[in-house]
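Have a look below at one chain only, the form predicted on its own, in structure tokens format.
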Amino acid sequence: MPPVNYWLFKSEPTAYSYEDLQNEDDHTAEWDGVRNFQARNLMRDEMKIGDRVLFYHSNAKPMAVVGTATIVKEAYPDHTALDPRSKYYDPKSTPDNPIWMMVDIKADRALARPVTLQEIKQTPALENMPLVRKGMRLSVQPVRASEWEVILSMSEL
């Protein structure tokens, strides 16, 4: 069995919240609309079924990790890139040469208590997370297993 990887997915709760994910049929949703090549490459090349996800509310008060999810479908072409009516439309992407990818995630559980960005920044064990690096804006980021454990422990305090 391959090792489990850990990720952090950012979403503005006004666009798509953890509660929205929990309200989806089967608590599962396509993680579409990623339009950054580095994030796309992580989704396409690194994410596997069974990998775990920290769901992070960005551009919120407070910004915080609010829940966990699991990747239930590996990368496949993002159909929103092909739809001229979609805000994620990309005319350079075609069915024969899709540029953008997405994965499916399934909600596991809301955290007992959200873990805020401020708390993360103040925790020495989390100081190397991409989330706290200046200028890091990726909506999809790797997380170390130890960081995953620290954040889940913090949510139980």
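The first residue of the sequence shown is number 1, and the count goes up from there. Note that the structure is a prediction, hence the values are computed from the model and not measured.
Absent from the display: the form predicted together with the DNA. The rest refers to it.
Judged by heavy atoms within 4.5 Å of the DNA in the predicted bound form, the contact stretch among the candidates 41 to 49, 122 to 130, 54 to 62, 102 to 110 is 54 to 62. In the predicted bound form, the DNA sits within 4.5 Å of a heavy atom belonging to N36. The DNA in the predicted bound form is approached by K10, whose closest heavy atom lies within 4.5 angstroms of it. Applying a 4.5 Å heavy atom cutoff to the DNA in the predicted bound form picks out K92 as the lone residue from 73 to 101.
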